[in-house]
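In the block that follows, a single chain appears as structure tokens, in the form predicted alone.
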Amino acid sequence: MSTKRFRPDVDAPEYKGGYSPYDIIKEGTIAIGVIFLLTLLLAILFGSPDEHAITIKTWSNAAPIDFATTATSELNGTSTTGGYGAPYNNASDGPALGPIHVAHLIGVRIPINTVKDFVIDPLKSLPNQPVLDQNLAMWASASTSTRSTWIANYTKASANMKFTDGHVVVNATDAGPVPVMVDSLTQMARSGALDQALVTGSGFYTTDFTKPLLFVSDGTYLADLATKQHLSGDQWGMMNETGSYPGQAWLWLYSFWYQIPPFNTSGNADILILGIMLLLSVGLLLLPFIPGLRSIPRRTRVYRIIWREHYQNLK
């Protein structure tokens, strides 16, 4: 009768040592109980480290000039959202993985026109605003070239923008209705009405916060807060928590790539790092099937360190 050949790369040797009783149910119950009590105690002592949500109302009251400047960028198409590309618009090709532009595969699934969705439509929702209504009518009746001239003149003059007595003041010449529109939008934002208008623009009963989130992220206020909380990409922000609390430490490998060349200076870093992490994840899943690599724990005898007490008792 033939005996099956022992394969050290695959087969485990037959265990011939002693055995000790072990109640995994008991140990597991104790572990869960201890973790529950520690979690409850730490939650009572320290509470949640998360900051309050940043709304457009919060932003526009804390930094009205930044909000008005961002609103101007939404009008002239220079905001991040305005030039983002898919899934919001066709303004750019987006990141590429080799010759493949991944955004093209997704397409424009959430169409956003920053002029219409972030400025004009919210202003139209304001009731009893005769001066604003006249300016919106002027905007609606103007040609594309005339609107571009108005916006260009206002954008040029906005370098000296001031906020006085609750109003945005820009000494712009031949800017048409743009000064009234930006000032009215700023007042709308400071009252909290813009937050509501951007959420309910697609229907009254909705929980889609895409538009207000994009609007806030187009300004510098949110980014500055993130930097103060050490949450930006060059601060290993992906694995940090607000208030200097420990965060998602297991994301160190993902955050690591953003700190080294060429990724830390590449505008294509997100998709490149995603590709690297996909390859590493596939390699981890296939590790039991890769000869040589799967034998590293056995060859290095690392298991004897983990179970050192057991092997000491065998001596």
Partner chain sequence: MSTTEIDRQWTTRLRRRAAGKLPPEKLLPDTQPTYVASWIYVFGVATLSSLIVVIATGCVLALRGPYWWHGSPYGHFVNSLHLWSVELFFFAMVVHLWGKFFMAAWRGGRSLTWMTGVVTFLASIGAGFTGYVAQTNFDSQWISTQAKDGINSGGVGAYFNPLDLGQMLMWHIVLLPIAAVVLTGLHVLLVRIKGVVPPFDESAEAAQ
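Residue numbers count along the first chain shown, from 1. Being a predicted model, the structure only gives us computed values, none of them experimental. Rigid core here is just the name for the largest C-alpha set that superposes within 1.5 Å across the two forms.
The same protein also exists as the form predicted together with its partner chain; that form is not shown, yet it is the one meant from here on.
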query: Which of 170-178, 67-75, 139-147, 221-229 sits within 4.5 Å of its partner chain in the predicted complex, heavy atom basis; finding: 221-229
query: Partner contact for V131 in the predicted complex: its partner chain, 4.5 angstroms, heavy atom; finding: no
query: 4.5 angstroms heavy atom contact with its partner chain in the predicted complex for I260; finding: no
query: Distance check, Y88 to its partner chain in the predicted complex, heavy atom within 4.5 Å; finding: yes
query: S191, heavy atom within 4.5 angstroms of its partner chain in the predicted complex; finding: no
query: Within 269-291, the residues that have a heavy atom no more than 4.5 Å from its partner chain in the predicted complex; finding: D270, I271, L274, S281, L284, L285, L286, L287, P288, F289
query: Rigid core fit then N264 CA moved by 2 Å or more between this form and the one not shown; finding: no
query: C-alpha of A62 off by 2 Å or more between this form and the one not shown on rigid core; finding: no
query: S244 C-alpha moves between this form and the one not shown by 2 Å or more, core aligned; finding: yes
